[in-house]
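Quick setup: one chain, the form predicted alone, written in structure tokens, and binding and motion questions come after.
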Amino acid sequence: MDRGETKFQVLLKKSVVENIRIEHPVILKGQYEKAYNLLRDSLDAGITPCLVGPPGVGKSLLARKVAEDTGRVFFEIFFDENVTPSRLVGAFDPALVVRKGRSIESFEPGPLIRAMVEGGLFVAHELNRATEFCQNSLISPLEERHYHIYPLGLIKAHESFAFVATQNPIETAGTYRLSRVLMDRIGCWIRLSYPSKETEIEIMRVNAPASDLPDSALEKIYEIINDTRNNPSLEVPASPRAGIFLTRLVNNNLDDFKGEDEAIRFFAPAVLSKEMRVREEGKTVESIINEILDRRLGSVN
């Protein structure tokens, strides 16, 4: 330990890594196989792709899978109204500017510039939540593959630099419309929906993991999740991610309950209510969840 370093600083240094590998197998079946191939084909052709779909269907995971399989360093940013262009591009460190001026040595690059220089894969998550200013910052890297930083000049992208966007459906609350200029630079729109029953159950099994959970429990969890997507009272239903969380909880705690139905009923409201949103007046998330549980598991006296 260097003099003056705290124990936390030493541990932090050991924890810093450039990339974290995907922990569980990625299921490339059906729509996911097609989307994965379209992603790779687009990047090989120098075309910017955008994955479009509801939250939790695996857009981010597919992008990370492509980065891992093509040997690219992975960079990402999650857009919202608080993300500024400097978060993307970087900024000059005031303390270093005092000593070295506005030079390369005093510039702290953001993830977009790092991806450009290092030839990495940059993923713009939820691109349609980016403000107009952030959208404008992406145009030059996508079109001319460079970015001008005053007074450093033009930063040229490495030949391996690649850009992938993800986007929620435009009707989702809190989204912006992409500018026509930015849309013109995205050449491939890859649409994802909720996966088929067979695929989603496999996703739940490999991500839980749920090797000891009976098939009947996985079937019930899927049907409950899927029922939320077919409920006209819900604006935002449960995602595949919710199914994974519910499967983990049931799998890890099944021995504490009289059976799988009791375990599912106990954990389902806490998992599902976090992301579901109601569109119909007079309905609540809790009442809808209880209706679904009573239909799938039987009513509780």
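Just count from 1 along the sequence shown to find any residue number. Please read these numbers as outputs of a predicted model, since none were measured by experiment.
From this point on, the text means the form predicted together with a small molecule, which you will not see here.
> Given that the partner is absent here, does Arg241 sit within 4.5 Å of the small molecule in the predicted complex, heavy atoms only?
Output for Arg241 is yes: heavy atoms within 4.5 Å of the small molecule.
> Give a yes/no on whether His24 approaches the small molecule to within 4.5 Å in the predicted complex, heavy atoms considered.
The answer is yes: His24 has a heavy atom within 4.5 Å of the small molecule.
> Ile203: heavy atom within 4.5 Å of the small molecule in the predicted complex?
Heavy-atom contact with the small molecule at 4.5 Å: present for Ile203.
> Using the partner position in the predicted complex, report whether Ser137 sits within 4.5 Å of the small molecule, counting heavy atoms only.
Taking the distances in the predicted complex, the answer for Ser137 is no, it never comes within 4.5 Å of the small molecule.
> At 4.5 Å between heavy atoms, only one of the stretches 58-66, 229-237, 34-42, 255-263 reaches the small molecule in the predicted complex; which one is it?
Contact criterion met by 58-66 only.
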